[in-house]
Each structure stands twice: as structure tokens, then as C-alpha cells.
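Form predicted on its own, single chain, as C-alpha cells, below.
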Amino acid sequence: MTATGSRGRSVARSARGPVLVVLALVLTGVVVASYAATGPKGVLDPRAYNPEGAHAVATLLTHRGVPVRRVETAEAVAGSESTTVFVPIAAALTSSELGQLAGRSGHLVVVGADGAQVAVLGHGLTVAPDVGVEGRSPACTLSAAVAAGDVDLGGTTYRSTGGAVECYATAGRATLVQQGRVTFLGSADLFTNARLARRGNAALALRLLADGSDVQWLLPRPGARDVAGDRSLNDLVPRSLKLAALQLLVVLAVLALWRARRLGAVVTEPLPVVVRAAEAIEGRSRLYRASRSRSTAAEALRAGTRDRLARRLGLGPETTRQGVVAAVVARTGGDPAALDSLLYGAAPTDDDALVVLADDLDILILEVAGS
């Protein structure tokens, strides 16, 4: 029974590491999957069913006989003059791509364009500060806005220098401006699945996008085109690769903790050769003599003597040279200069002087011990 129980405990200890690693993999996978599931997906994508997607408005357009085609680059936009190009996220396009759109015919709907993007599109609008998305009245003569009535609009606001129709304004700043064949909107919230059924959002979205024979929905995805921008290396790394690296780091951390477990008891091993202390001292003395290291030998003798005297006299390690000499004088009554020379003096000049120094140090230790 004892052997069996011991063997069982040994197996359990050896299997503990792999089991911990497997559990860490499972837990990390669950956390990573949960994190990935909460991330933004299909924002303003005509094929996305989530609240931030735009599948509902794309379906309504298709039922009205206006097919919707998602494209990912400006070069992929195709169609006749009756085609409507919808750019739900203007910041996702480069200046050169916006310039290509400005040079083509047809209706163009752009959401959230800033001052530089408006200038590239060749329209004399002034970009004003953003406002919150809320229900707003059209207060203009644009037929699409009048038919839709109140809608959820906000975001970027614009001021026209003339020749443009401004709608859904607040404090003189419009959130929808139509100038020629281009329509600017401050926010794309009314196109999303979550808001399409509210107020007149669906009516305005359909009237703006169903004006042509078809809709080219321009929504780039990462890596679909070359963008000469200032994106960092972190922006270029796929999100799935980052999550995999995070999972690997967690596993490595668990493995390191497992391998860094507490060490067991110290294991003693018999020495191959046992050397007596006297033989070790004699061997070192011969080395000192062969190398004529009288100063080193003398300092070793004096240092040993000072340590013994300090222990005998109760002196601490911070005691100075003068303190040691004074303590020895107080105990033995000897001459301070002679004791200082004996404990801290110059190196002996020959072997005989070294022997005399060793004898004097032994006598001093005996005097202190006997006093």
C-alpha cells in the first residue's frame, strides 16, 4: 500500500505541469474568444446584421430595384452616370482615392468628410465643430429631406459659401449639405440597422441612395489596397495574430511559473578527497614562500589576529584602527605605538622577520585572553 500510494503521488506531481498548461490554454482561449466576440464587426457594412451594420438599408434598396455592390477600393468603383457612390466612412479613404471619386460622374454621398477631404472633392464648404447625433428637423427645401422629416443626424457640421442646400442645421451649421452631385452628411448613424427604423431615417437613406440605377458601397477593408500613410507596424499586424501572440505569452508565463517551483532539500554528497586543515594551511604557506609573498602572508596573519581580538574584546565591524589599538591597550596596558605597528605595521623584510611577527601576534592574543 505504501509503495502504491507513493507511486500515485509521484505520478500526480509529474502530471501537474502538463495539466496546468492545458488548463491555461483552455482559459486563455475562452478569454481570447470572448474578447474577439466583443470587438467591432461590420461597422456600416451592407452585409452585416449586427446593430452597427447596414444590411437592412441594403436589403430595402435591393427590393426597390436598386442593387447594392460593396467595393473596397476606389479603382473598383464602376458604373454609369446614374450610379450612386456611397462613402460611409470618409476617413477610410486617402486623398488620392477621394480625388478619383471627384473626377467621375454620378451622385456621390460622403459621410464625415473633414476640411481636407472636402477640399479634395472640390467644394467650397467650411467644416464646423461636431454636434451630437439626435433627432433634427430638415428646415430646408431638399425634396429628400422634406419627404423624410425628422431624422437622427449629427457629427460633422458644415457651412456653405453659397450654391448649396443646407439641411438639419443647428446654430447655423448644417449636418446635411447637397452641392451639385455631391451630398455631405455629418454622421452615418441613420444608415445602421439599429437606427434605420427610427423617425424618418429609412426614408432619407433610401431617397439619398436610390437616386440612381445602382449603389456602389465603397467601404475599404484593411489590406485591400496600398495606402501611403503614417500607419504604424501595429496597425499592419492582423488582430488575430495579436490575439494568438497574447495566448502564447500567457502559456509561456504559466510554464515559467511551473518550472520555477520551490527547490527541495539540499542533497549532500561525499567529497572525493578530505584535506585536513593543517595540510591546507601548510600548502598555502608553501605557496606564499615560493612566491615570496611576505606582505600577503603578514597581512593575513594580522587580519586574523584583529578578528580574534575584536571578538574577544566585543568590538563591532565598524571599529576603526585607533579604536582597536585603544581597546587592546586598555586590556593589556601595552605601548600604543608598538601595538599599532604590530597590528598595522609594514611588511617584514625577510622570512625571519615574518616568523617573529607571527610569534608576537600569538603572544598578544594570549595576553588579551589572560588579562
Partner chain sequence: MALTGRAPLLALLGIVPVALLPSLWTVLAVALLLLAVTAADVALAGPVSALQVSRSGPTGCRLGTEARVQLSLVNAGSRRLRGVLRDAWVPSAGAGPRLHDVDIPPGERRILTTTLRPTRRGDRHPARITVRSVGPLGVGARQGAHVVPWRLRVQPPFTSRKFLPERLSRLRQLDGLVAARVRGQGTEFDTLRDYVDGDDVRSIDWRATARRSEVVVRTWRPERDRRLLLVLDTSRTSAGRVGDVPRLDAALDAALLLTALATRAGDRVDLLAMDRELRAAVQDVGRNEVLSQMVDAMAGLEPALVESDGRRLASEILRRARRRSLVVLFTTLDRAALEEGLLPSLPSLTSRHTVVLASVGDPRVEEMLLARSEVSAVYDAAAAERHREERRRTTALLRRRGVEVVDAPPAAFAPAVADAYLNLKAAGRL
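Since we're looking at a predicted model, the values are computed, not measured. Numbering follows the first chain given and starts at 1. Here, rigid core means the biggest group of C-alpha atoms that superpose within 1.5 Å across both forms.
A second form of this protein, the form predicted together with the partner chain, is not displayed here; the remarks below concern that form.
Asks: Select from the listed residues A203, V146, A92, L301 the one whose heavy atoms reach within 4.5 Å of the partner chain in the predicted bound form.
Replies: Exactly one listed residue reaches within 4.5 Å, namely L301.
Asks: Heavy atoms within 4.5 Å of the partner chain in the predicted bound form: which stretch in 132-140, 184-192, 287-295, 108-116 meets that?
Replies: Among the listed stretches, the partner-contacting one is 287-295.
Asks: Could you confirm whether Q247 comes within 4.5 Å of the partner chain in the predicted bound form, counting heavy atoms only?
Replies: Although the partner chain is absent here, Q247 would touch it in the predicted bound form, with heavy atoms inside 4.5 Å.
Asks: Within a 4.5 Å heavy atom cut-off, is R47 in contact with the partner chain in the predicted bound form?
Replies: Contact check for R47: no, nothing within 4.5 Å of the partner chain in the predicted bound form.
Asks: Taking heavy atoms and a 4.5 Å cut-off, does T268 contact the partner chain in the predicted bound form?
Replies: Within the cut-off, so yes.
Asks: Is there a non-hydrogen atom of D307 within 4.5 angstroms of a non-hydrogen atom of the partner chain in the predicted bound form?
Replies: Yes, contact at 4.5 Å.
Asks: Where, within 321-358, is there a heavy atom within 4.5 Å of the partner chain in the predicted bound form? Residue list please.
Replies: If the 4.5 Å heavy-atom criterion is applied to the partner chain in the predicted bound form, 321-358 yields D351, L354, V355, A358.
Asks: Can a Cα shift of no less than 2 Å be assigned to D114 between the shown form and the other one, given superposition on the rigid core?
Replies: It does not reach a 2 Å shift.
Asks: Using a rigid core alignment, state whether the CA of A310 is displaced by 2 Å or more between the shown form and the other one.
Replies: A310: C-alpha displaced by 2 Å or more between the shown form and the other one.
Asks: Any CA movement of 2 Å or more for V131 between the shown form and the other one, core superposed?
Replies: For V131, whose C-alpha is compared between the shown form and the other one after core superposition, the shift is less than 2 Å.
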